[in-house]
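First, one chain by itself in structure tokens, the form predicted alone.
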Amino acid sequence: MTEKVPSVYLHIPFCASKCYYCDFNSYVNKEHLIEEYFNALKSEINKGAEFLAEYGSHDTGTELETIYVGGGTPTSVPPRFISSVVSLVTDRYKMTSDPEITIECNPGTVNDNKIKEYKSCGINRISIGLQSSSDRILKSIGRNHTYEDFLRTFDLFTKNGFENINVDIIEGLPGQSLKDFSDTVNAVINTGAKHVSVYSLSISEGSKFYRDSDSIMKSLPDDEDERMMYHYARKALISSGLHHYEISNFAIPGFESMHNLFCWKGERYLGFGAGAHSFIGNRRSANMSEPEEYIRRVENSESTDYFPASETLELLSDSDLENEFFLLRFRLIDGISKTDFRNKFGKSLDTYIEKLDKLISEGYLVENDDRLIMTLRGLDYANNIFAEFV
């Protein structure tokens, strides 16, 4: 194995409550599993280090550049568990001198002591899930915090020296008006956040909204209103000094999410924890989702099993990898480089010229020297682009 493996993802599935739109691998009322879960997570992390050593990644100069602690709500568990697994990764893996280490956070789940422990283990980037500045909307989507809770949480991190803070917001929520959304965008801008993620509501199977979809669908903004929300966010965030670098993401230059950029650029990664995914070579695997079964599988695994909790395995063909290149790279505002494609796959884009010419003629893409870039129309109808490569 010679490719770069720059990222590790750690999944923490515990939550205090389940948001109505959430279909992530997260669970409430399972706090009794926390200690066992983190013991299993440490075991899996150690096996991952053995895997990289065995297959030569260290010998080829690979260094971890990012660690991402997601969930779930990682900040809902005692901080000693978080610091123990982050410290284990930084001890067992070859790291760059200044890695990006992110933790996801829900408002109201941290205090000074927690934040100090995060900082002491090397965490230097925070991603806070605000979603809306309207308490009415927060309550209607099952969030268990208020806007004031968010402001206090943001202030706690900044007072403790954290500068690299992302804020997540959602457009297209039930009962959300353009004014509701613009108020949220302006509130986030006023915090001085260095990074903002603007997501569109997706009603996914497994969520409460999906189960209640008959009533929920009637209260959703229509497509035109949602486009107006996106356009407002884009214009306001760019005007405030943030760079639009991915369909849903904006950052002060230098504060882009390195972890997500690696994923969008198709770099390899190791994922640990219940439901976590790994992507090595042409091999994508996913761990079993249930925390109890994840713990059992790791505890009962053979010492030579580097992926003890893996439940599914997909071997990607060359064609699969090429299509993923388009699906992921077109999410980036600077688009696709013809040279990058040639260097990665050893051939030109001519193989896909019919699809690409069609997207250009329909106004979704524009050709700019070496690059193919989404137009504003392409941003509005990105799924039409992606559908060509699924």
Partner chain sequence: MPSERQKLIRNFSIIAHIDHGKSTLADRIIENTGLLEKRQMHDQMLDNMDLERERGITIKAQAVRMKYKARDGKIYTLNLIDTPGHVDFNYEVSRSLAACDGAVLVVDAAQGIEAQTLANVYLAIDSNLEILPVINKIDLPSAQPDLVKQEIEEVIGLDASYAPCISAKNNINIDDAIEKIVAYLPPPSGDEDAPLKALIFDSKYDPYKGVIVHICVREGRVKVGDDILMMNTGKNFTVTELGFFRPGEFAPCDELLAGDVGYLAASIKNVRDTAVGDTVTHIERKTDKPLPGYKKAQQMVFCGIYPTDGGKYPDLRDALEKLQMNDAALSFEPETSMALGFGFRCGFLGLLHYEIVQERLEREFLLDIISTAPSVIYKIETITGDKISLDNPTNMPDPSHIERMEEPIVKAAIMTPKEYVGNIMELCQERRGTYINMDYIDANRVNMHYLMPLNEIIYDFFDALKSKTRGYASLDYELNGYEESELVKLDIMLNGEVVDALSFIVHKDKAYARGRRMAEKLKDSIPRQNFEIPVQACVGGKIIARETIKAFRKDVLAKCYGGDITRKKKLLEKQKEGKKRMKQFGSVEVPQEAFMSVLKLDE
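The structure presented is a predicted model; accordingly, all values stated were derived computationally and were not measured. Residue numbers count along the first chain shown, from 1.
This protein has a second form, the form predicted in complex with its partner chain, left out of what is shown; the following refers to that one.
For its partner chain in the predicted complex, the listed stretch (244 to 252, 93 to 101, 156 to 164, 141 to 149) containing residues with heavy atoms inside 4.5 Å is 244 to 252.
With the partner removed from view, the residue among E36, E63, E324, E50 that has a non-hydrogen atom within 4.5 Å of its partner chain in the predicted complex turns out to be E324. For the options R296, K208, R227, K119, the residue carrying a heavy atom within 4.5 angstroms of its partner chain in the predicted complex is R227. Contact check at 4.5 Å (heavy atoms) against its partner chain in the predicted complex: all three of G172, W264 and A382 pass.
In the predicted complex, no heavy atom of Y232 sits within 4.5 Å of its partner chain. Contact check for Y27: no non-hydrogen atom falls within 4.5 Å of its partner chain in the predicted complex. Of the heavy atoms in S76, none are within 4.5 Å of its partner chain in the predicted complex. Within 4.5 Å of some heavy atom of its partner chain in the predicted complex lies at least one heavy atom of N260. Contacts between stretch 115 to 142 and its partner chain, counted in the predicted complex as any heavy atom lying within 4.5 Å, involve no residue at all.
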